[in-house]
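Look below for two forms of one protein chain, each set out as structure tokens: first structure 1, then structure 2.
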Structure 1
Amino acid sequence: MANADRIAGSDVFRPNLTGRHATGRFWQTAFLGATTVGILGLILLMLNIVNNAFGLVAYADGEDYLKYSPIPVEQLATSDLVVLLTNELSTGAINKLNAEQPLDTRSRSDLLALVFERILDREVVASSTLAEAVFNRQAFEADALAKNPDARFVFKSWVTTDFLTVPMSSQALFAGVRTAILGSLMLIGLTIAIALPIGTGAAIYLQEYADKSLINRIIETNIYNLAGVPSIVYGMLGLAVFVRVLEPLTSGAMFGATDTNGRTILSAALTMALLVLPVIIVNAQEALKAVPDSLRQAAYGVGATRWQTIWHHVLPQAIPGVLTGSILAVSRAIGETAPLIVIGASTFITADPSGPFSGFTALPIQIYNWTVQPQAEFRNLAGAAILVLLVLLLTLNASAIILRNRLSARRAN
């Protein structure tokens, strides 16, 4: 009888087992296909960015350098470049340049760019992508020479040291992202300085102090919902509250600043802090939940108060999770454009931000501004700026991950 039951059971089990294995193979294949599609999408994205960040450039000077110097301007010393600019530019133009940064303190590459732009009137005739430069160079050169017989060609990497260290310019050859990088770094720094302590404090209250009443459950649910609110809504809130209502604070008027309005880095940082607060709160709360209750009970057992337990035992254990929330917050904030546009970030600014009450721009704003320009060379600039933004994001995230891992290792020891 037992053998018969065993045989009957195996007859039912084996077909079911075959079906389960087939289902498992199907979903394994589906997951592998989804992963492959995602990886291919990322590869295509990076190839497109790199394709635009390198290529051939055809340029021509509107003025002959021999009118101003017996030798090519590229060979002039820094002091000679200063003299040339002083002699050839108007007094008003010199005063404006000195107000931004005195000529005698500028780098040689910065002075050369000014000579090319303001005196020689150097302009881009045509620009190509990397693929065009490799596979269709002759046709590109012929088309550029048809536009300007004096065109000269150079293979250009738009991501250069000069690109990182010079300010914005209306001419693509001389445009850089220095002001945008400084604006983004200052914006992210202020955002995290505002949002991290507030978000962590809110998470501590909701997890460690608040009871499970209906009101507190509604608050938690709304925090989760706020994480999915479109970012432009936060921009409209920032415009109404921080730019207009709190203008005396955000413009610095109450601290003596008189040359700004409410469209400053501080307004943008407060708006972005609201944007990332739900992400920080949710991640910090989950990190606090992950701390075993036995740790709290042990602290209470030796006479620690609730705050002492949280500060000395619970929070140190939850710090890696809190930092994970800050990493996600930085990743979201550094790439946002819509709130900054609503608040009034500049699309063209050559002055570096000097403090929280300065006008500013950011890398996503700069990229957006370049992509809408009709000239092809600005799309090359946009590709280069995207690479800079990705490197900046990866650097910030890597720094936070290293700090988190060190804290985790210290906690384990």
Structure 2
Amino acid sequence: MANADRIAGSDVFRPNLTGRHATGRFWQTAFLGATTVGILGLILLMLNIVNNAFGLVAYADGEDYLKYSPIPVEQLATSDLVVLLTNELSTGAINKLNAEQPLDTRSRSDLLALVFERILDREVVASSTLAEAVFNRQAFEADALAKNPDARFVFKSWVTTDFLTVPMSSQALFAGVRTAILGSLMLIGLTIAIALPIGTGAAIYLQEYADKSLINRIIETNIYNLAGVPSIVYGMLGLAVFVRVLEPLTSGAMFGATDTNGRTILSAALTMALLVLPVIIVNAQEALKAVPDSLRQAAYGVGATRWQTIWHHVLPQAIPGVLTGSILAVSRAIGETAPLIVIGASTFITADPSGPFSGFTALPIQIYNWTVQPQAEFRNLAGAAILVLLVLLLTLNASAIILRNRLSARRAN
């Protein structure tokens, strides 16, 4: 005790201790700083998306409205808009529009958009980000007016209901993500339908049946390694196997589909299924591991066979965990872009995907395609599409989590 007092009280020791604590505090700040930088990065990323999804747009009409109507077309009655479209567009174009949805049943905003796009040739002169629109409005307006003196300005949210419900267009003002959303949803649905049963099956085999034989160890190691394979390599596998070799199957030719090639939703879903399998298997294995052994023993004890035990007792307990795995898989698959590019998702497609054998586009593909366009208005579109993608991601995650909680609550009762 006396010894300890002497050391703690010695003059050599005290200043040293202060220094050591100061170093400690410095580094603690650095550690906290690193965490903050990561979170700051996330915040900047989000702000940048919002910044691009809203902004001031300068637009101008290629044709003067006076040529077609004495008053601005916005003030025309809905029936007059139909008349105007019918008069000015070619018969072929009208038939095509009517085939999608008859003109006289369309909404006013839809008709107006058609008039602006097809008749008045409305185009974007310049487009700004939200920050520009707020802090640098004068300079932006001056630039736009220098480019086109007729330019008119409107503050635009690029995410609108029209954006969600209209298909792709080469005109940024009239482009939407309808086909991309439908493509993504069908792709994800099909992917999970393929991967979930196979993944769960593989997990059950590895967890409940497999002994420590060589082949089973190889399977385990292999799944771990597959999880680390870059997604673009899966894309190459899909291109060579599903798009090319299995073309009769994936193009639907075997089932009577015509004029399609192997670059279909089915090919993409099969590729994605292989990509997300390791995620599903590993998570399902964890879920099965967490089921207490007493449950299995009890089932065996009353004479159940192994499969009866698994099907009636182990699996129901493990379902919430298995679902968590599929949430992760969905989150991964919905944002995955590289394999879709390799497989050949179309970048420009206006028809809704009609089934597993149709060509398609997907949200991330659309985002990529818009991001690499040089014009500012396409960056705005990309920003808006990213917001849609993130909301979709969030919704899927949230609904799956709620579903999981419900299931485990029901189990607990």
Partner chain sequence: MTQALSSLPVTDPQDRHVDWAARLRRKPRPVETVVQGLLFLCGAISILTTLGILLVLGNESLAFFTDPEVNVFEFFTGTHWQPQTGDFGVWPLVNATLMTSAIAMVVAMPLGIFAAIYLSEYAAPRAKAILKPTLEILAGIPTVVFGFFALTFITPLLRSIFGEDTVQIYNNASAGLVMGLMIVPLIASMSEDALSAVPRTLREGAYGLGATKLETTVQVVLPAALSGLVAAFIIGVSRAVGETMIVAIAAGATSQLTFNPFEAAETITGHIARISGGDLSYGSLDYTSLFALALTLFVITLGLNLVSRWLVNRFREQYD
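Here, rigid core means the biggest group of C-alpha atoms that superpose within 1.5 Å across both forms. Along the sequence of structure 1, residues get numbers from 1 upward. Bear in mind that the values here come from a model prediction, so they are computed numbers and not experimental data.
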Which of these two chains, shown alone, is the form predicted together with its partner chain? 2
Under a superposition restricted to the rigid core, does D150 display a Cα displacement of 2 angstroms or more between structure 1 and structure 2? no
Rigid core superposed, CA of T395 - does it shift 2 Å or more between structure 1 and structure 2? no
If we fit on the core, is the Cα of K96 displaced 2 Å or more between structure 1 and structure 2? yes
Between structure 1 and structure 2, how far the Cα of H21 shifts once the core is aligned, in Å: 10.4
